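One chain comes next, on its own, written out as structure tokens in the form predicted on its own.
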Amino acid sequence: MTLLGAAEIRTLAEKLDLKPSKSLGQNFVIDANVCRKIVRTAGITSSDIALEIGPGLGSLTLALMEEAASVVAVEIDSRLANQLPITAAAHSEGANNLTVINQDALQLKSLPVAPTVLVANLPYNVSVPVFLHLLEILPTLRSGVVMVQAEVADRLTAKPNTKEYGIPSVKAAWWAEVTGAGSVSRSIFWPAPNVDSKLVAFKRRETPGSEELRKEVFAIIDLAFAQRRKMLRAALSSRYGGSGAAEAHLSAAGIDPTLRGESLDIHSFCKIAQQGLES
């Protein structure tokens, strides 16, 4: 299979009269070697069903089709969604193994197949919501690699008591172990973005509890980081009827009320939530 290069990407864009949209985060990968590297990093095998979000003109899609049993690509731009099967057929004998869905990934409720691995160049403006949404609705996703803005990658992979640690870090940890998987140059994109990019890898693990607990945990996380310099007894006061009641609740859960949200891992947030559900 031949992958797309810079010249072919620009030719396809011209054919579609496509001017990359900043609002849709359209920065297309033009380096075939990087696409293959991402697929290798994801550890895709011939038994995998790969899910790609925002395939664009198909650079990464073709690399996925080389290795996976089948590929599901979700593309919000109808011009790109209509062109992708044509591009796949021109470059691969396995074009029938590609399913393209013209939809906003944030509106996805289900898929016609059960994907096992996520590999995507996520649109930068919605990368965290899309990532968390997919982990929530697609329990068959066992692992994956996503390319995101460097700052977002640092937040997703951050550990407690670091300045990058926050809502994305803790919520992602509910479903998966998330780690950094390297950096990529701005020069591999067209048009070149004004920000650096990094790869983020994840491996799903058993969640700490039920869906009821998750909703409670996530509500507490949002409050804990809304004003991250506040101690937990103050940050959670609105949820528990005042700072005194919040302090008592936290103490009952075995959490120091004078800590800040940035000090707690996902399991500590679960203790706070569980205390609320049991009391």
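Predicted model only: the values in this text are computed from it and were never measured. Quick note: we count residues from 1 along the sequence shown, nothing fancier.
Note that the form predicted in complex with a small molecule isn't included here; everything after this is about it.
No residue of the trio S46, A69 and A114 has any heavy atom within 4.5 Å of the small molecule in the predicted complex. Among V29, M65, V217, L236, the residue placing a heavy atom within 4.5 Å of the small molecule in the predicted complex is V29. This chain lacks the partner; the member of A172, V184, A88, V126 within 4.5 angstroms of the small molecule in the predicted complex by a non-hydrogen atom is V126.
Shown alone here, Q103 lies within 4.5 Å of the small molecule in the predicted complex, counting heavy atoms only.
Taking the partner from the other structure, the small molecule in the predicted complex has no heavy atom within 4.5 Å of any heavy atom of A42. Mapping the unseen interface onto this chain, D77 counts among the residues with a heavy atom inside 4.5 Å of the small molecule in the predicted complex. At the 4.5 Å threshold, heavy atoms of L122 reach the small molecule in the predicted complex.
In plain terms, the part of the chain that comes close to the small molecule in the predicted complex, with a heavy atom within 4.5 Å, is 69 to 77 out of 131 to 139, 156 to 164, 204 to 212, 69 to 77.
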